[in-house]
Structure formats: C-alpha cells, structure tokens
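Here we start with a single chain on its own, the form predicted on its own, put down as structure tokens.
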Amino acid sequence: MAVCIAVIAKENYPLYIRSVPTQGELKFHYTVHTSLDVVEEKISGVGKALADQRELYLGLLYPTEDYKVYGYVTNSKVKFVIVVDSSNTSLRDNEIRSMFRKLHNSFTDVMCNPFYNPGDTIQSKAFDSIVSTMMVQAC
C-alpha cells in the first residue's frame, strides 16, 4: 500500500514520519516537505463552498514519476500525507480515504492519551502498529 506516511503539525514540523524502504528516507522527507505547499494551496482556496470546507480529504496532491502523494487535513490543521508507489494501479480513491480515516482515528487516540504532550513527536506503539499495517510489506 503506502511507502511513506507522515503526520505534520499545524506549524509544519513533522510529528511522525515512517517510510519503507528505510534507505530512501531522506527522499521521502523531501517529498513530504514539498507536498506541504500543495496542501496550503488547497486549504487556503478563496471562495470555497461550505460543503468543501468540511471535506478533510484533499485527494491526490501531485504525482511524481515513481510515487503519488495524497493529503488530508484535520479540523485542527494537522496534516496527514501518504505516499504511494505509482506502480500500484489497483489502489482506488475510496481505499486511500479509508487509510486516512484509520490514521485519523489512531491519531485521535494518541491525542487523547493523558501522557502525550501536544506538539511532541508521536512515539505510541499502538499508532506505530496501525501505520505498519498500512505500509508496504518489504520482503
């Protein structure tokens, strides 16, 4: 499924980034960072209808030669970015939406933890296991 999953804070610093394979981690950091410009452009669109403002899923942010980058923004302006391999043509839009929904629910569980300080990097084992199920199994 996904090759990189990132959670970006409201102030645009990473709370969580995980990628498979790990040797290309710097490339994925760059991909996530460049996708933030597209996210900001989409959420600051002037003249949006009220129905569009409630839509959290941003869809395909941009495709590259090797990957497709999808975005999602919470009501508190926390951004989720999922990078998917371009060769995976069987992945449909509703499957990407369900991945974001699952990630958002897990993120909400992390935020509800009384021992988590908002703004710190996410180090939850439960969150990490949810992300692991969404990542490509590299054998």
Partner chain sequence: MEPHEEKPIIYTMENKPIVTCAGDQNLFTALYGSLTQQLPREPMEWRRSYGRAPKMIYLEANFVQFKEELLPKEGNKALLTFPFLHIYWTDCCDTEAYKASVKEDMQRWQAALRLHGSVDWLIVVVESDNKKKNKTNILPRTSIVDKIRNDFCNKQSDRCVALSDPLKESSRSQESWSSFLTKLRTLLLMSFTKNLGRFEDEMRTLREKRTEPGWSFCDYFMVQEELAFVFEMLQQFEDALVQYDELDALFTQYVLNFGAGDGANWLGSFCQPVRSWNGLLLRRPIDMEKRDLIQKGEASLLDLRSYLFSRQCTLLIFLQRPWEVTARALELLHNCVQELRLLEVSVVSGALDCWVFLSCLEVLHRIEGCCDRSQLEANSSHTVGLWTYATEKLRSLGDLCGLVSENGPNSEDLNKTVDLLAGLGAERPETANSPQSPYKKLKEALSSVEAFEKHYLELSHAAMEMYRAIGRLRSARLVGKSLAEYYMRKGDPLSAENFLLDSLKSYVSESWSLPLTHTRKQIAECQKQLQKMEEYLQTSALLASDTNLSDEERRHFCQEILTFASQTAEGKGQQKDARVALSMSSFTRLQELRFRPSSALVHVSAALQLELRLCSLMPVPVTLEQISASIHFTQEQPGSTAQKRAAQNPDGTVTFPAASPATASASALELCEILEHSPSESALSSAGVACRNMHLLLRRNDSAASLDTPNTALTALAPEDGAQMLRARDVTLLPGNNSIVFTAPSQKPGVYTLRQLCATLGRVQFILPHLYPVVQYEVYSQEPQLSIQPLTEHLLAGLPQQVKFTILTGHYSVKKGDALQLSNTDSMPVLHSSTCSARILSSCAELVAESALSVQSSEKVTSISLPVTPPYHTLEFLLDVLCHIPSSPARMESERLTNGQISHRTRSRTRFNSGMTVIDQKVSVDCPWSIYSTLVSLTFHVPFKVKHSLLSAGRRKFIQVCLQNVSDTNFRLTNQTLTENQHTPSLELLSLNTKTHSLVISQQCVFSVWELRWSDVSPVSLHCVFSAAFAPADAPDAALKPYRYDFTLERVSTLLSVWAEIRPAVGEQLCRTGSLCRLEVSLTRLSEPSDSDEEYSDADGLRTTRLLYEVIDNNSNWAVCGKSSGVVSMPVAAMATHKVHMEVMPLFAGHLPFPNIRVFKYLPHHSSPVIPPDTDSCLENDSLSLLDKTLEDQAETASLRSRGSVQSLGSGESAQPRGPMPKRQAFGPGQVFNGTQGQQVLVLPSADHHLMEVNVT
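So that the term is clear: the rigid core is the largest set of C-alpha atoms that superpose within 1.5 Å between two forms. From a predicted model like this one, the values you see are computed outputs, not experimental measurements. Numbering follows the first chain given and starts at 1.
Unshown form predicted together with the partner chain; subsequent notes refer to it.
Just one of Q123, S129, N12, T22 comes within 4.5 Å of the partner chain in the predicted complex, counting any heavy atom, and that one is N12. Using a 4.5 angstroms limit between non-hydrogen atoms, I96 is distant from the partner chain in the predicted complex.
In the predicted complex, the partner chain sits within 4.5 Å of a heavy atom belonging to I8.
For the chain shown alone, I82 is not a contact residue for the partner chain in the predicted complex, no non-hydrogen atom being within 4.5 angstroms.
When contacts are judged by a 4.5 Å heavy atom cut-off, V69 does not count as touching the partner chain in the predicted complex. Residues I8, E11, N12, Y13, P14, I17, E25, L26, H29, Y30, V32, H33, T34, L36, D37, V38 are the members of 1-38 with a non-hydrogen atom no more than 4.5 angstroms from the partner chain in the predicted complex. When the rigid core is held fixed, the Cα atom of Q23 travels 2 angstroms or more between the shown form and the other one.
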